[in-house]
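Encoded as structure tokens, the following chain is the form predicted alone, with no partner shown.
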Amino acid sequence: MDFSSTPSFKGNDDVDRQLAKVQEQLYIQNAIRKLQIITDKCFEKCVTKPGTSLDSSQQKCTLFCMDRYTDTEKIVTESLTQRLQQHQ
């Protein structure tokens, strides 16, 4: 029996497109969440005297803080991926 002509079945292409759209939305939400975490942590650590702009030491501290955070996240992700692959 061919269900492809029924209105409720739209085919694999539609399902794939919807899945891709959901994955993209999740990726964006995750990126926004990570950016907010990094911003909060680095601002708290580096900006001791909030003002209208960051001085050079605050800018440098923030840049290094963000770099350390992203480097650490990359290392942890790679380590977890390796461990998961070893257990499969």
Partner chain sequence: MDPRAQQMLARTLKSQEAAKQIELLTETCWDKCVGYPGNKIDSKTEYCIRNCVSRYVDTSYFIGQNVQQRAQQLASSRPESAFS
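Between two forms, the rigid core is the largest collection of C-alphas that superpose within 1.5 Å. Residue numbers count along the first chain shown, from 1. Computed from a prediction, not measured in an experiment: that's the story for all the values here.
There is another form of the same protein, the form predicted together with its partner chain; it is not shown, and what comes next is about it.
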ask   = Closest heavy atom of residue 39 to its partner chain in the predicted bound form, within 4.5 Å or not?
value = no
inquiry  = Taking its partner chain as it sits in the predicted bound form, is residue 46 in contact with it (heavy atom to heavy atom, 4.5 Å or less)?
reply    = yes
key: Non-hydrogen atom contact residue 61 with its partner chain in the predicted bound form at 4.5 angstroms   = yes
message = With its partner chain taken in the predicted bound form, which residues across 50-75 come within 4.5 angstroms through any non-hydrogen atom?
response = 57, 61, 64, 65, 68, 69, 71, 72, 73, 75
Rigid-core frame, C-alpha of residue 77, shift of 2 angstroms or more between this form and the one not shown = yes
